[in-house]
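Let's start with one chain on its own, the form predicted on its own, as C-alpha cells.
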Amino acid sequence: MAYRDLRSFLDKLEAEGQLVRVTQMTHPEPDLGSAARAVNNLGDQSPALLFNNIHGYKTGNVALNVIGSWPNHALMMGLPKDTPVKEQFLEFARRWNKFPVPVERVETAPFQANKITEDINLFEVLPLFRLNHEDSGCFIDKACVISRDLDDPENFQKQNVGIYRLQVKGKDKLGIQPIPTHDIGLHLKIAEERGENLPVTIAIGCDPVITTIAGSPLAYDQSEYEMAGAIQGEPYRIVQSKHSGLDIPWGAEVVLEGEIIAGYRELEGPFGEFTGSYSDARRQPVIQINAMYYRDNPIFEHLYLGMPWTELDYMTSVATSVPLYHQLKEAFPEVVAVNAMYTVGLVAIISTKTRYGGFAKAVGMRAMTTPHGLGYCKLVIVVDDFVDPFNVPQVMWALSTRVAPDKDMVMIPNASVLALDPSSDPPGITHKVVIDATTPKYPETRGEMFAPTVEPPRDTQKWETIIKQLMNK
C-alpha cells in the first residue's frame, strides 16, 4: 500500500478518477487560490488538481487538494475509494495500534538531483502565490518541518515532523508560527534557553501518509516516521540530512535546510486560517535558509485554508480523532468512537457506554485534558454508544431528545485554547463546554422518564447489504 512519494499517489488518484489535470495557462494569482477554494466547494468526493502551465514559470507544477475528499483519504490508506468515513476511522485506529514500526534508512533520495547553497531564491524554484486576498504574503502551508530536542539530540523518538505555516519573507527567509504547546515550540524553547539556533529541515511535496501524520497530535516522544510505517503497513523510508543530521522523507519534492534564529522575531501574518478567519499579525521567529534541494521538474504541493470544509479538514479529521480515541480509551474503556473532525477538533463528538449518572460528563472533561484537547476541544458532545458520532443526524437527534440544558451542560471557565480561535478573549483563553447528550442513568432520576428508544428491525443490517449489492449491479 505504501506510496513512496507524492508522484506515485497522484498516479493512483488519476487511475481512480480522482485527479484532474489543468493544462490551460494559469496565473498564480488569483487563479490558483480560486481553484483551490472552488474544488473544496464541490463536496466531499472532489478530486485533486494538478497544474502544469503556470504563467511566469517554465516548469511550474502545483498540486492542490491532494487529500481533500473522503475517496482520496481512503486511497491514501490503501482502501477502496468508497469506504465509509467510520470504517476509515476504525481501520486507522487498528493500524495506530501497530506503532512503532522501525524505519527504513537509505543513503540517497531523488530530491538530491539539484542543489543550491549560494544565492538561494525560493521564487525561482517554487511557483509561490497567495491563497486569499488579505494574506500578508506568500505562505508554504503543507510542508513537513523537521526539528529535534537539542537537550537529547540522539533520541530519534524526540525528533519531530510537523506541519506549520511558513510565510515567505524574502528569497531565502521564512517566518514560522511555532505554537508553544506543539513539539517545535518546545524544541525552540530548549534551543533559545541554550542560546543556540534551532536547525530545521523543511520537506515540501511529500507522500500523503507522512503529511497526514505530521498533522496528528502524537506524544512528544513518539516518532512520526514510526507511526507512518504503522499506517502504511511497512517501514517508512527516510534519508539523513548532510547539513543537520535530521531525517527527511525520502520522496520529498523540495527540501530546504536552515535554522530558526534564536531570540529574533519579526511580524508574521495576517493569514487566512482553518478557522475561516484571518489571524492577526504577531511577532514570530524567522528561519534562515542555507541550502535548497529539489527533484527535476518539482511539484509544489499547497493546501487551501479558509471556511471549512477544505483539504485540511479531511487531512486532519481521522488523524486527530484516532489519537484522541486511544487516549480516552485508556481512561475509559467504554468509549466506542470519537469524531474530532470539525475545525481540527475545536468540536469533538464522543460515543460511549455509560456506567452511571454523570459518567459522560467525566469523559468529556477528560477529552479536554488530552494533549490535543488542551488547545482544542472547546465544545465536547458526548452521546450514547448506539449513536454514530460520524452521523450528524443521529447526533442532532441525541442533542434534541437527550439534553436538558439546566442539567447536561458543564462550563469550564478560562480554559486554554489555541490563539487562532477568533472567539477566544484574550487570544488563547476561552470558556469550554461539555454537553451530555446520553440517556440518563441511576442515580439520575430522570432516567425513569425516558421512553424506550425505537430500535431498528432485526434484519436491517442484512438488508443494507442486500440493497447496496443491488445498487452496485
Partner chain sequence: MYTCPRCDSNEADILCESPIKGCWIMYICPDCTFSWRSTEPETITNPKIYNPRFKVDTSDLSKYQIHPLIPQRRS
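Owing to the predicted nature of the structure, the values given are computational and were not obtained by experimental measurement. Residue numbers count along the first chain shown, from 1.
The next section is about a form of this same protein that is not shown, the form predicted together with the partner chain.
Only one segment in the set 393-401, 164-172, 213-221, 86-94 has any non-hydrogen atom within 4.5 angstroms of the partner chain in the predicted complex, and it is 164-172. Within this chain, residue 44 is remote from the site of the partner chain in the predicted complex, having no heavy atom within 4.5 Å. Under a 4.5 angstroms non-hydrogen atom cutoff, the partner chain in the predicted complex lacks residue 251 among its neighbouring residues. Taking the partner from elsewhere, residue 235 is found to have every heavy atom lying beyond 4.5 Å of the partner chain in the predicted complex. Taking non-hydrogen atoms only, residue 280 approaches the partner chain to within 4.5 angstroms in the predicted complex. Out of the listed residues 124, 104, 82, 330, 124 is the one that sits within 4.5 Å of the partner chain in the predicted complex by at least one heavy atom. A heavy atom within 4.5 Å of the partner chain in the predicted complex is found for exactly one of 116, 336, 365, 190: 190. Contacts between stretch 46-65 and the partner chain, counted in the predicted complex as any heavy atom lying within 4.5 Å, involve 55, 56, 57, 58, listed in sequence order.
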